[in-house]
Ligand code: PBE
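Starting off, we have a lone chain in the form predicted alone, written out as structure tokens.
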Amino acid sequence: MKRRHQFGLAAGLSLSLLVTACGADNENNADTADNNTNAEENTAENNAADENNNAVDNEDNEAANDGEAGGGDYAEELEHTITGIDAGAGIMSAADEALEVYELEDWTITASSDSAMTQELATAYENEEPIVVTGWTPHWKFAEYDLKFLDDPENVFGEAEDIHTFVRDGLSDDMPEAYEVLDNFEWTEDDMNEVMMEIQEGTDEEEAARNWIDANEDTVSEWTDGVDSVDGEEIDLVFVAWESEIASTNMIALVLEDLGYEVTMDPLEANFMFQAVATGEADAMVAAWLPLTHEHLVEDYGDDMEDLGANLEGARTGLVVPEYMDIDSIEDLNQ
């Protein structure tokens, strides 16, 4: 529009100039059209190049994100470290074996305690950071956090376990009432979880155990039905200081106290727990995980104590991670 406007203002020019001007205008218009066409072609080419570059960048970013979610990058972030519990626990031996079976030569397992392990898990979970821990159920952490066991295709950690009651030799003669209650004792994972969660939420251990007993009188009466009361006989229970065993030992101790026993509870490492019952220094425990976790201790001490069977069925052990971690198997740690 601008060119035509200028031509109208130049009406006094000669016809030749007019023709010349018109010819120049046509050439200029043609040049402009060519330039516009070239510009449009260049723009289209540039846009196509940008799209290709963006696609490549997206592919690179997706690949990078996939790498970050893979076991290899988790390994770097975790410094090839699995957070464990006390060194004498069978789950630690199984975890060591898993490193060999799955060829995780660069990985190590740090020994700590149940409470230290769960604290590290809580910190990592709060910040959505990767972490691998030795874990088991029943345990309150599975109710508190969204966790998963890593698949174990080589079955290093075995199938589901049971928690057994062991007593010293001669207890059936010395304390027949306690022996009968311990022999009858059996509860479920849900039962144990109720006590553990209440403790975790801040309730005193003994109070949480008492609350469960009061709410489950029918179950407790099945253990104590027909059992005579006693008058202040002393009985010593030992346990490993895992949340699961704190819950079960406090609970059964109160049941025995209600029968008239004076109960002592001693937390020990697993090997000393077995040793105490085997030598008669302690009377009983309700904290033996079989057939895997404490298998080596049963081999060492089992002949010198009596196994009263499972008090809880369907326990499980293995390597545990938060659900937000994009790995599903122990094998993934080697990627």
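As the structure is a prediction and not an experimental result, all values here were calculated from the model. Residues carry their position along the shown sequence, with the first being 1.
Keep in mind the form predicted together with the named molecule is missing from the figure; the text below concerns it.
- Judged against the named molecule in the predicted bound form with a 4.5 angstroms heavy atom cut-off, the residues R168, N271 and V298 are out of contact without exception.
- Only one of W242, W212, F185, W140 lies close to the named molecule in the predicted bound form, with a heavy atom inside 4.5 Å, and it is W242.
- Residue-level contacts in the predicted bound form: of A208, A124, I91, V133, one residue has a heavy atom within 4.5 Å of the named molecule, and it is I91.
- Just one listed stretch, out of 76-84, 146-154, 229-237, 244-252, contacts the named molecule in the predicted bound form at the 4.5 Å heavy atom level, and that stretch is 244-252.
- For N311, no non-hydrogen atom is located within 4.5 Å of the named molecule in the predicted bound form, even though that partner is not displayed.
- Residues in 97-126 all lack a heavy atom within 4.5 Å of the named molecule in the predicted bound form.
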